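First come two forms of one protein chain, each written alone as structure tokens, so that there is a structure 1 and a structure 2.
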Structure 1
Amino acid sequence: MSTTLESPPQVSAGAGARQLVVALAGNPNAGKTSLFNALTGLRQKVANYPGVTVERKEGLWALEAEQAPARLVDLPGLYSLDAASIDEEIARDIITGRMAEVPAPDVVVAVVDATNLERNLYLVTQLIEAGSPLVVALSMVDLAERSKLEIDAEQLSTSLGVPVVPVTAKSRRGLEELARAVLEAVGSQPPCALWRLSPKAEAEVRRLYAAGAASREGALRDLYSDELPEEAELREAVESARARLSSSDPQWWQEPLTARYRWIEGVTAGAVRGAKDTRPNSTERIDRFVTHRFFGPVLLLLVMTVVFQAIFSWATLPMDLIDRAFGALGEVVRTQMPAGLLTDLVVDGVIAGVGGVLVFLPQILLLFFFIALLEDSGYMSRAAFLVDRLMRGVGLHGKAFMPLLSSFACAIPGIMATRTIENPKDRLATILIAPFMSCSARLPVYTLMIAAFFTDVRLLGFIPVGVVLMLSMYLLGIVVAIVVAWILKHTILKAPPPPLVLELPPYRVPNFLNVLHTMKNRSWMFVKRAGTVILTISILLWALMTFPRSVVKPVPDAQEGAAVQAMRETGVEGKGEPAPSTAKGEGDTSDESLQLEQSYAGRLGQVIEPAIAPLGFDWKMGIGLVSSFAARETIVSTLSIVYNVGKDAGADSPSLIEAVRNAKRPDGSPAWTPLVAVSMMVFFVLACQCMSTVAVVRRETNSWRWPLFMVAYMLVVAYVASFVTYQGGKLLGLG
């Protein structure tokens, strides 16, 4: 038997045959992800459905040896086909064949949690009516047996009218039987709904069928749908039927729900043997501590501390290794290629751009390792439950805490982690405030400013001002994020307070295959999709800092020092004639500084100087602001070049710190003061100076509208806050 189909549906591997399509549907936490990974292994891909941020997972399922594998589509987790969310709408459209990108499934596999049979069978009753051949995969049978429940799969199959196969993904129990059941279901007669309404309601359904409804399911849908049919005759019949039912039962519209569950109760009564153990199980005993009013938050704080510490510190070594590897690769390429623009493009644009993407991989892998671990174990739902009350106060969902916490390490994995938030508006609000969390890329900026002006300064004689400032920057980002979230949720993302409807699944030992799949898929999606945008912007920024090429006029060595010093003292360096230089070759910081000042980025810094002057910044700092869009920490290397220290100087480099302290304006006044340093720190806390973040927001929202909005509003907030800081400080005599 083959896994390819011709039309009409027949199993064949001949010419013109098409690939078999199988859809995997089920409730959240029913074991669908574990089964999908067990069936597809590494042969799967993850993307987004066009126009929405709902994840699309597909894989290849080898149903039978020596046959082409089937295309397995993992539908979003859903409780019902009555679309109440984008996820459910997409799942419904795929099952009914309305999704253009995915062919109508030849078979639907419904994953049913054996420990929650009644709740899961509600979706099965709707899938039966959808019109596609159906197979039920009964998951978590081992957990049901531990609860003293024995489920008769054959009896359940007879009652439902569809094949039922017990499966256990971890031990691969029942997977071959499931494959055979799917192959046998291909091209078979779709199942019929066996549940029935009350006699009065059934009579109205028969009348509608006689009045022109396409089928019993169509008549049922017309009768209980929110919308009326377009055909005038059928619409009149539906209105009359509703009026008759309403006169006899004010709650007539609940009839399908109650009838389904009435039938489901009868099905489960015949298929389930043994009474469920009423003693508290291990999950209930653990939850007495985990969800406790006091001990629960304490445990959550400890767990999040470990996660944060891991993302923040454990990733440091691999990130440094990646950074050094790309640095070494750039040096090798530079030595092997002839000097010129092409070499600069490859090294400073392409290699540096790719390195700027891959350096975040350790943090992304660690974050999704912990997310997958917490979700697979069942703890993530408890954590969301514990923080929901706090998050709801500003209009956010309880599940927003993990992305925001992760953003302290890096906003990129934090934004990617918002995929756990189902509601689109709640997810978007979390994405738009995540960059306010002070990520590790801001630390070099804080370090440089504190080292230059606040190293030996103490409050009350013993409290280091640098520590206070560092803590203040973190708190400032948190406070502004809370305020912005409240504003967003009451304006453009206005929505009622998000209700937290959570299922608390039983605790399980995490399936490390699921964990590895999550890490692989998330990292690859980031590299493939976000990387292209980041690389493009890297090359653009390289061009801005490279062109136009400055013309260096050699002067005698004896005259060089005096000429350069004279131009710097008069403040005309970079604004008039090029500064004298001997062009002593590679590594000459005067040439690098001159090139940067004469470039489009340098000219842009001079153009924006009137706008940034009220913040205490001059045009040289403006160059740093422009270049830092590539990555916040690049302002350090940019200032090193501007002040002729050398681009490899770090934030704690004595030469750079001294250069910042001694920098002068054209009138001879200090360019940097403690107040300017604080103003710069405030600006970097609140501004979105990170193209990688912008690229990921574009990728996660499927639109340029939201990332551009985010950059614009964060820039306004940063400007206003920095303006108030600098001008307020001057009024108080601190400048």
Structure 2
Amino acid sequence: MSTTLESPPQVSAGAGARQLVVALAGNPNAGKTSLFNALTGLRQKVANYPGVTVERKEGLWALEAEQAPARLVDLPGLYSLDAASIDEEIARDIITGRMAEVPAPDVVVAVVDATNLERNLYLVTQLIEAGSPLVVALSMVDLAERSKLEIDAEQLSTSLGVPVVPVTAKSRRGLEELARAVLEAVGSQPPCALWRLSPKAEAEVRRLYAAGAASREGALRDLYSDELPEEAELREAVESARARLSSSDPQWWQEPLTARYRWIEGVTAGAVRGAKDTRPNSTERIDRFVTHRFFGPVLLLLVMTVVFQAIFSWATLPMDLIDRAFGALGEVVRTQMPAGLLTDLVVDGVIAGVGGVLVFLPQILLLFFFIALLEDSGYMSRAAFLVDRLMRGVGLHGKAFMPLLSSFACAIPGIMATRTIENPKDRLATILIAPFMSCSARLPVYTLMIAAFFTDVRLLGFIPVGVVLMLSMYLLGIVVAIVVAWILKHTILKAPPPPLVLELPPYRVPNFLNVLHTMKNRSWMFVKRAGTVILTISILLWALMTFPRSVVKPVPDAQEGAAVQAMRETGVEGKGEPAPSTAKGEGDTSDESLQLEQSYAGRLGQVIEPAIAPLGFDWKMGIGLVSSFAARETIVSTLSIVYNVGKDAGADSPSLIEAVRNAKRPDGSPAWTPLVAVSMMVFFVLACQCMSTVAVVRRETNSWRWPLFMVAYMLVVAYVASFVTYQGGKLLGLG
């Protein structure tokens, strides 16, 4: 999995025979990925295109038994070569050979949904104009047959001027014929565009051809695309041609679009017989319920509840297991290696850091599983349809719903999912508010605070305050996100309300192979990316808490042993049993906290104390805050160190809860009060304390500007909100 795509493929046989590159192009949902999986099996690699998180899938396709397999590239769906989103742009650039990493494809396989022929053929007309050798793979023929739709592939092929091969990925029907057609198409003369414009426009095209355009297709592109040709003479000719056309018809630019469809109507009229309505009745019936005025929103809430329930409850067991495994691993390493700084680094920095990331893997896997399921079945676009009006109220797009929903599990996949939003400003606004959704990393903090100060406290005698608080934190994040989105969309990201042109595809039974592939590929990218960042930060954090070394007073051998023993209880924070506090002698505990106090992290905590005092926090909490800027959940393990309860104490560890309750300030007053706890929770809802999120935003936006802006403004929001919470609470006499 770790080999890069750039590395030469294993198969270099075939003395000098260049490896063929084949690209799969087609409308969204046409069946490209299903075909890709069927053709390549497990021989596929997934990475990202540089600078963006558009998935880049490549695999090897054995076209012929004795020949070297071809490189098959799966592309994101696109409706047109005039791209409207990053996804479409990437697909277009690869098809037309403009992407540096992938050589121009030798053959483009256009995947065409047989049940939706006219719209799918629009892209084919453009591919014909683009001029690369083309083969049409007619997918969903099983569905077409079921709805009594007859497509004469030969007739279609004659009219289009390109080979047409009916395929069914699942039953592997037509795959060999497709391979043969692709081999035959290599190096063949590309077909030419057969549709015609009005006489007036055709005259202009001929004139441009005479003025130096490369071909009829080139002249068409020059005349109707957004860009003007470089060469001065040709540019002038194009400009005057456009002026002439627009003077007689202001909508002159629509002509090729209309003409392509007119031609397509002619082609399909000759090749298609039978049922006109191919949309399955089941889809109509399901939609009567799913997008129903009343039941639609209810079902949406239900779906969301199930997804959350799954993420938060089903994932706990595997998370615990991973947690313990890393704890155990740390212990083994600690006993096997000589005690010392290096061991500390490996155990507290590396193993704890990696474990800290992998602990979230079950949640991420589950989330991606549900997302893939909802996407593949066709429900996701219904969700966007249902919430679009609400989202538009704050200037966002219906398509922003999904990314924001994912962000409740983790902002990273959520931010990655924004790539389907066409308008860059809408996309940016969605990215910037995604971290306000309470992700799973906040849960340990909420759990600790509630367990320490609000257990068995009830509102009106029966409503548990803990539940109310937990819900309030989620709501707070949502409300602030709405306000911020509104402000952003009315200031720096001002733009007209984003358009919504969204296909509502027929419902399909999800293909589990597809779902599993998606789940595996996306999770792996998460592990790789988040892993490197969190690992780096954990090591840095470890260093900050370890250096400079405090002056260790000479201790008797026995106590030294105890200290080492205590250090062995190590690793990631977990939900395990409480640390056996009896196992610690006086000497080692004070050593550890003394070390912390003198370390850079400790000094930093003391430096920022004046700034955080108005929020109700002391310097020890300050250390926790500083460390939590790497990843929120680290505050639990940091507080455990600060309060000497052993680093492996989890958020619900009784000893940590006791320690938090009993912590004192220098003047003897309790460090924590319920008000401080709430203030802390508010801060954690609103501050951007997650290095991985920052790293992902950096990648997504291709600059440091937006991630830094995000960290800064969220910090301000969090500070102000905590300040208001704490000072307001004190004024109300709650302190």
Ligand SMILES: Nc1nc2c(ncn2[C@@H]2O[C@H](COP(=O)(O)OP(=O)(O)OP(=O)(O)O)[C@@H](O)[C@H]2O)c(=O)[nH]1
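What you see is a predicted model, and the numbers here were worked out from it, not measured in a lab. What we label the rigid core is the largest C-alpha set whose atoms superpose within 1.5 Å from one form to the other. Numbers follow structure 1, counted from its first residue as 1.
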| item | value |
| --- | --- |
| Structure corresponding to the form predicted together with this ligand | 2 |
| Residue shift check between structure 1 and structure 2, rigid core fit, residue 517 Cα at least 2 Å | no |
| Rigid core superposition, residue 369 Cα moves 2 angstroms or more between structure 1 and structure 2 | no |
| After fitting the core, residue 328 CA displacement of 2 Å or more between structure 1 and structure 2 | no |
| Rigid core superposed, the C-alpha shift at residue 702 between structure 1 and structure 2 in Å | 4.2 |
